[in-house]
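Next up: a single chain in structure tokens, the form predicted on its own.
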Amino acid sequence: MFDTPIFDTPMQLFMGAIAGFIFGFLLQKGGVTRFNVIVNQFLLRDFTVAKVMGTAIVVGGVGIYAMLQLGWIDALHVKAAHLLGNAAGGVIFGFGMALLGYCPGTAIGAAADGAKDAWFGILGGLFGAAIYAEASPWINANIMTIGALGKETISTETGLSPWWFMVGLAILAAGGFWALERWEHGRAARQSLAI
């Protein structure tokens, strides 16, 4: 019935569970499993989510390309880029995150932390996944074909080393973090003067 096995080896499942536990632990310790932190990100009052995501992107990007260069992984398994599908998915994801106050990962972390409201998002996500599975033939035929670029990265499109982009990303993130810190401290100072 299935071309590929549904479950991986027990060791792979165990390693995935350990990675998921560490990821959830770090989300909880970073404070991004709290409803107020995520909502305040959208209200531009608390940039914890942006800082955590920016750090994860830089560390993940550098880590993946370092493992590739060291031969620890054989190749990148790049998903095909579908501009309209990615944009539509981003809008749906952002709307759901703004409405619920959690993204899928933080919702599971928040539920594990005792937040009962996160269960609505988890159940909604499962329901949305079922709808997507049913609608995927239509989506693949009518949406995913628009702006389909194939398995491309910025590095393969430009012909430049990915390390140029990793260094640029790290500089951009460091500058963004510095600017956010200054803006947050200035905002806090203005609020204390107003009181």
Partner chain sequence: MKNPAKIGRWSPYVVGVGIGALSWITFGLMDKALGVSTSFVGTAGAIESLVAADHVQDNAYFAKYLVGSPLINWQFALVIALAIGAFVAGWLGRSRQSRAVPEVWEARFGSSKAKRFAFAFLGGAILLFGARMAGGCTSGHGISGGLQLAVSSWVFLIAMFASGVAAAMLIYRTGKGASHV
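Positions refer to the first chain, counted from 1. Since the model is a prediction, treat every value here as computed from it, not as a measurement.
Note that the form predicted in complex with its partner chain isn't included here; everything after this is about it.
None of the heavy atoms of Gln69 is located within 4.5 Å of its partner chain in the model of the complex. Using a 4.5 angstroms threshold between heavy atoms, Thr145 stays clear of its partner chain in the model of the complex. Under a 4.5 angstroms non-hydrogen atom cutoff, its partner chain in the model of the complex lacks Ala170 among its neighbouring residues.
Residue contact with its partner chain in the model of the complex: Gly175 places no heavy atom within 4.5 Å of it.
For the stretch 23 to 44, the set of residues having any non-hydrogen atom within 4.5 angstroms of its partner chain in the model of the complex comprises Phe23, Gly24, Phe25, Leu26, Leu27, Gln28, Lys29, Gly30, Gly31, Thr33, Arg34, Phe35, Asn36, Val37, Val39, Asn40, Gln41, Phe42, Leu43, Leu44, in sequence order.
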